[in-house]
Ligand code: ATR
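Just one chain is shown here, as structure tokens, and it is the form predicted on its own.
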């Protein structure tokens, strides 16, 4: 059996097994299986070793809070080093990459969201935000990062300037960021609003919502978050994070199997898992 899976803490909410196992079935890869592996933050290294050496795993996806923690224990490629986060590992050569970057960019393009010279606010300063800032800056967007702890955002941007040559990105408070003219896109890279805290929003009460702005919320459960409803109420459009989840998963699938991923099958399986969950 060729075993792959997802590590994180926790991982019970994930719909990745449904998505990947449907893809294996669609291609007749009956000897492949995608499984969940919850690994506490204090034993990440041992957890990786156990999966690789005793569990017979070929590779894993990595989710919060381990995307940066696994870096010292794998051989990160240029993209992962630039972003400072790994979300896909291939144990056969112990390599690590970041498929959030191509997954995010592909989904933005699929929704016709322009980036070049557009002003974008990124909410958050964790691993997902690193991938978003890297992707947006390389696409020519003018990016401002907003985080509850401004210092954490500044550290992230300092890291990205050194590792990826990302310059000109500023960290500001939400009030300051909104005051900038011409914001066209807001990207939520936090988990605020994710099930079961569906009534929460990363948008601070009292800060006016820019009119006509597009919101891309990386949260995919629920399918429509409070932040997305706020954008629509302000005359804008909103895109949830399911497409990014599927597309980054498809990129990982191709790394492990060497075969083109059945993206539509993965979309349908992910949607079904969300509806049944």
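Positions refer to the first chain, counted from 1. In this text the structure is predicted, and so the values were computed from the model without any measurement. Here, rigid core means the biggest group of C-alpha atoms that superpose within 1.5 Å across both forms.
Only in words, not in the display: the form predicted together with this ligand, which the text now covers.
Trainee: Only one of these stretches, 111-119, 124-132, 70-78, 177-185, has heavy atoms within 4.5 Å of this ligand in the model of the complex; which one is it?
Mentor: Of the options, only 124-132 has residues within 4.5 Å of the partner.
Trainee: Please tell me which of 155, 106, 192, 207 lies within 4.5 Å of this ligand in the model of the complex, judged by heavy atoms.
Mentor: The residue in contact is 192.
Trainee: Is there a non-hydrogen atom of residue 94 within 4.5 angstroms of a non-hydrogen atom of this ligand in the model of the complex?
Mentor: Answer no; every heavy atom of residue 94 is more than 4.5 Å from this ligand in the model of the complex.
Trainee: Residue 138 versus this ligand, in the model of the complex: is there a non-hydrogen atom within 4.5 Å?
Mentor: Outside the cut-off, so no.
Trainee: Is residue 147 close enough to this ligand in the model of the complex to count, meaning some heavy atom within 4.5 Å?
Mentor: Yes, residue 147 is a contact residue.
Trainee: Kindly check if the Cα atom of residue 223 is displaced 2 angstroms or more between the shown form and the other one relative to the superposed rigid core.
Mentor: Superposed on the core, residue 223 moves its C-alpha less than 2 Å between the shown form and the other one.
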